[in-house]
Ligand SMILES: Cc1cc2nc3c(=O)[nH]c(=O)nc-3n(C[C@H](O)[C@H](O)[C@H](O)COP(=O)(O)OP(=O)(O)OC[C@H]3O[C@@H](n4cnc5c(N)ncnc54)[C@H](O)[C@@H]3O)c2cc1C
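Coming up is one lone chain in structure tokens, specifically the form predicted on its own.
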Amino acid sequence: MSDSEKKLIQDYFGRQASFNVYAKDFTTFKTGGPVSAVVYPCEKRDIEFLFNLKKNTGIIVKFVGNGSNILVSDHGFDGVIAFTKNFSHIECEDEIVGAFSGVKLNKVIGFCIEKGLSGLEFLTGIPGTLGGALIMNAGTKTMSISDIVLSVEFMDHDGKWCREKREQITWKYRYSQLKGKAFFILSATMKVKKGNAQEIKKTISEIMKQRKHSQPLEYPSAGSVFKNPEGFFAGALIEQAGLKGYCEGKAKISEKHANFIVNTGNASSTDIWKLMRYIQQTIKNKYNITLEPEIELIGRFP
């Protein structure tokens, strides 16, 4: 990114812009090199500026919520990372919850507890924000966020603001057509139902207890690394292949959950990437199954 392009960003965002920020300081993996520019948009016009910046200069713009579900290269990223945390408003009317893309999932769940609304409990413990959850159709073995979405408002790749109903968007396992349709996701409405706050809390507590028991939450990670192939569970395949505990540098396949790669010390993004490649090659050789990453790789990898 040129100095003139950085000045353009600085002039517009002011204190809401930083330069050469290391990804290890904002990703849940705690790895990654310098990002050319980091900004914090908070209004529609800020998104419009970023769209025009990309259109006119070719600079790549990536929107990031919680810094989970991504792996940024040790070489860094010569583009703009735009954090969505300022888009965090939540509201409800009857049995419909509306929330902006930058709100963390656990905050939406907390809001529902306060209002005595049920239906989002299955998202408990999933790291990240609503925007990321919509992009990847986040969920569990039995439910996905697409099951409760009513509509999504977003800017498309022509710079036009759109609102589409759930039925206008293609949803699959850990996939949403929004990934291709949207330059930026602004908000979504979701269907919930009235419930008992104490029962909702109990359900959430049980889900968190199970997650703590089965997932290595004590180490930096990005959640599940691979999508489940049709008819299989990625974690079970990796475990059956005898890969639990296998290390590459300070990156390790969790002994608690084989579909988690954890940073046990000062792991690099390259360590994690090499471990991902090793897992993929091993599973392909043993079972002739191709594991597709659930996390997004940003920047250049070897």
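Start at 1 with the first residue shown and count on from there. Predicted model, so just to flag it, every value in this text is computed and none were measured.
Only in words, not in the display: the form predicted in complex with the named molecule, which the text now covers.
Chemist: Just one of Ile204, Val149, Leu120, Met136 has a heavy atom within 4.5 Å of the named molecule in the predicted bound form. Which one?
Modeler: So the residue touching the named molecule in the predicted bound form, by this definition, is Met136.
Chemist: Would you kindly say which of Lys115, Lys181, His75, Arg211 lies with a heavy atom within 4.5 Å of the named molecule in the predicted bound form?
Modeler: Result of the distance check: Arg211.
Chemist: Quick check for you: of 227-235, 90-98, 188-196, 214-222, which stretch puts a non-hydrogen atom within 4.5 Å of the named molecule in the predicted bound form?
Modeler: Contact criterion met by 214-222 only.
Chemist: Are any of the heavy atoms in Asn66 no more than 4.5 Å from a heavy atom of the named molecule in the predicted bound form?
Modeler: Heavy-atom contact with the named molecule at 4.5 Å: present for Asn66.
Chemist: Any of the heavy atoms of Arg166 lying within 4.5 Å of the named molecule in the predicted bound form?
Modeler: Outside the cut-off, so no.
Chemist: Going by a heavy atom distance of 4.5 Å, is Ile126 a contact of the named molecule in the predicted bound form?
Modeler: Answer yes; at least one heavy atom of Ile126 falls within 4.5 Å of the named molecule in the predicted bound form.
Chemist: Is Ala258 a contact residue for the named molecule in the predicted bound form, using a 4.5 Å heavy atom cut-off?
Modeler: Outside the cut-off, so no.
Chemist: Within 4.5 Å of the named molecule in the predicted bound form, which residues of 155-182 have a heavy atom? Give them in sequence order, or say none.
Modeler: Residue within 4.5 Å: Arg174, and no other.
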